[in-house]
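Have a look below at one chain only, the form predicted alone, in structure tokens format.
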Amino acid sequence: MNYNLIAASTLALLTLSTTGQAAEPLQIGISAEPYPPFTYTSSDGDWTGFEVELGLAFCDAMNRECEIKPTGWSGIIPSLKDGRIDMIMNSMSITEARQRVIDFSDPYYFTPGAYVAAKDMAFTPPDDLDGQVLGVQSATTNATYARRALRDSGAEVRLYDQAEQVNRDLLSGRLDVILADQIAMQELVERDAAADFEIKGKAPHHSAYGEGVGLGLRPDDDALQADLNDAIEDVFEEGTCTDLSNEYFGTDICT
């Protein structure tokens, strides 16, 4: 029996198998519910936005092919842990509670929460929350902040599955005020439908908001974590993050 030939054939098969696995695209999980201007669908149905473009820039820096995989927000962490996606890139703040379940890359942006209400409403948060109906998207740092810091404010807090549901209920008068990411709220008040609304104030720095926004990863993906951290550094140094931030927000939110 030619053991050298068998060994060579086995090595070749292993090499092909490893190469095939390495070539598989990384799955970037984003919420299936649009979150403009971070993630949303364009007129041709493709996903785009600040985080979509930035995530693909990170993949380019890693010389890896990536695919955008929309996933329901409430199930996005289980999808990561089950291996259906390889990373979460959807404005997910790095908090102690989440770090007990998943790992994170280095942060790539940080913005505080902001309150939006009607322009003609005399409202200074959090002092004027008593008696108001406040809308917040569930499973977010703003919901955590509302639960921890606003429970004695006198506000009725309503939780929603999707950010656009919160926005619609504010614009239709079913909510008095909403609390959400400042950048997303800046985009909201610039819409024609929100001409009568404005940002009334920002939430203070609080532990609920964590250390900034990072990519969510499985705890055992040390190699991917290291590659992503290097990619984040490279993309920042070459100015891509700042360019995308200025394009989408008119300011630099990159950390």
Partner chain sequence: MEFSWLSDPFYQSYLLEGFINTLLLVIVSAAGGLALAITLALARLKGPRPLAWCIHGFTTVMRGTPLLVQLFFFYYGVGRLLEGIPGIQESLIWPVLRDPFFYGALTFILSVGAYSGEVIRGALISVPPGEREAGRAFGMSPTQVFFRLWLPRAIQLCLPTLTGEMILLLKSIPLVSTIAMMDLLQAANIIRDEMFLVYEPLMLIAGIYLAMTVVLTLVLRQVEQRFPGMRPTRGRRLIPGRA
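Predicted model only: the values in this text are computed from it and were never measured. Residue numbers count along the first chain shown, from 1. The term rigid core refers to the most C-alpha atoms you can superpose between the two forms while keeping them within 1.5 Å.
FYI, the form predicted together with the partner chain isn't displayed, but the following is about it.
Although the partner is absent here, R174 is a contact residue: one of its heavy atoms lies within 4.5 angstroms of the partner chain in the predicted complex. For Y160, a non-hydrogen atom is located within 4.5 Å of the partner chain in the predicted complex, even though that partner is not displayed. In the predicted complex, the partner chain sits within 4.5 Å of a heavy atom belonging to A139. The partner chain in the predicted complex comes within 4.5 Å of no heavy atom belonging to T71.
In the predicted complex, every residue of the candidate spot (V133, T144 and D169) has a heavy atom lying within 4.5 Å of the partner chain. Only one of 160-168, 109-117, 179-187, 85-93 places residue heavy atoms within 4.5 angstroms of the partner chain in the predicted complex, namely 160-168. Superposition of the core reveals a Cα shift of less than 2 Å for Y109 between this form and the one not shown.
In a rigid-core overlay of the protein, V136 has its C-alpha displaced by at least 2 Å between this form and the one not shown.
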